[in-house]
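Presented as structure tokens, the chain that follows is alone, the form predicted on its own.
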């Protein structure tokens, strides 16, 4: 049957222009022909247009503005007088030749190795313990809530909290070590001095953000098919063998995603650095993004700060792209992707 041969609705208008009797409601029969039944035609345009305008306002325009001023000697005076001069790649050369930037990159590598990686490892271990060891669902939920609570706190509040805990004279950590007999009553550990400042930041960050990899890995572990583990138990496989040969290989992609998320967050690690150490003492706890913050917000060297931000973005994008390509090759070799 062709389209022209399809029967007309019972509510179609007759020759006299009146609605024919049928099963349709009156509002359908009396509606103006050609008018949309659901929404006004402008609604889709508005629903798409408003998010696009917001993205242009808060993402695209600031990015273009940053790239523009990265090639100019923009500072506080020139920004208000609009009297900046083009300097080409001088800002980038100044950043890359700076010993301060080189030291901050080493600090970032140390944070990634002992901070982000430790968070993923601890999160994976805690997720396995919660799923395999804790048998009560109620207790498991309570423990998950307790472990996630630090992640709910603002990073600035966490920085203030840990700054008080790590005080040399009246901090809780030194008093705890004294009570445990691990530290003499007259001795004090300077947790926020030049040698330990970065490690103190790593400890505070691990305490707060281990819950994120924990939730990601735990959700992945819950989604694994139970039939595989039942077959392994029937074959007499031990827990360690099941973990090493089944669980971890199947969670490899989930763990990689958790690491990528923490890796990206490492490039935004400003708040706790600012609150706990302010990059010191003697710039021993500075990270590249904190220097960009100092240059742009505190010193108002907008051009140099924009160059810092672009270099950080390019390096992060390259590293994440290489990591994703490696992960894709691994999955393709396993026949997954």
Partner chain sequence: MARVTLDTVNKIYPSRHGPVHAVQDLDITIEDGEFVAVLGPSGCGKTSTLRMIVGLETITGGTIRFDDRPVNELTPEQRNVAMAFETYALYPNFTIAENLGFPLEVRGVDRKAREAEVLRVARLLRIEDILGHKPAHLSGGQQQRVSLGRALIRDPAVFILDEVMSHLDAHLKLQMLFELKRIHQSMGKTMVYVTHDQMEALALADRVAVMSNARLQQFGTRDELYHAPANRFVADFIGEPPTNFFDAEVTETAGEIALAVPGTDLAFTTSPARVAALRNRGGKRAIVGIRPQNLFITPLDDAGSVTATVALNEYLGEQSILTFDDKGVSFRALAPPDADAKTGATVAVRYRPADVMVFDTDTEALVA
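Residue numbers count along the first chain shown, from 1. What you are looking at is a predicted structure, and each value in this text was computed from that prediction instead of being measured.
There is also a form predicted together with its partner chain; it is not shown, and the following applies to it.
Chemist: Is residue 246 near its partner chain? Define near as a heavy atom within 4.5 Å, in the predicted complex.
Modeler: Flag for residue 246 set to yes.
Chemist: Is there a heavy atom of residue 233 no more than 4.5 Å from a heavy atom of its partner chain in the predicted complex?
Modeler: So residue 233 counts as contacting its partner chain.
Chemist: Is it the case that residue 256, even though its partner is missing from this view, gets within 4.5 Å of its partner chain in the predicted complex, heavy atoms only?
Modeler: Residue 256: no contact with its partner chain in the predicted complex.
Chemist: Does its partner chain come within 4.5 Å of any heavy atom of residue 178 in the predicted complex?
Modeler: The answer is no: residue 178 has no heavy atom within 4.5 Å of its partner chain.
Chemist: Looking at 250, 168, 125, 112, which has any heavy atom no more than 4.5 Å from its partner chain in the predicted complex?
Modeler: After the contact test, the surviving option is 250.
Chemist: Looking at 260, 94, 228, 160, which has any heavy atom no more than 4.5 Å from its partner chain in the predicted complex?
Modeler: Looking at the other structure, the residue within range turns out to be 228.
Chemist: Thinking of its partner chain in the predicted complex, which stretch from 73 to 81, 97 to 105, 238 to 246, 179 to 187 has heavy atoms inside 4.5 Å of it?
Modeler: Among the candidates, contact is made by 238 to 246.
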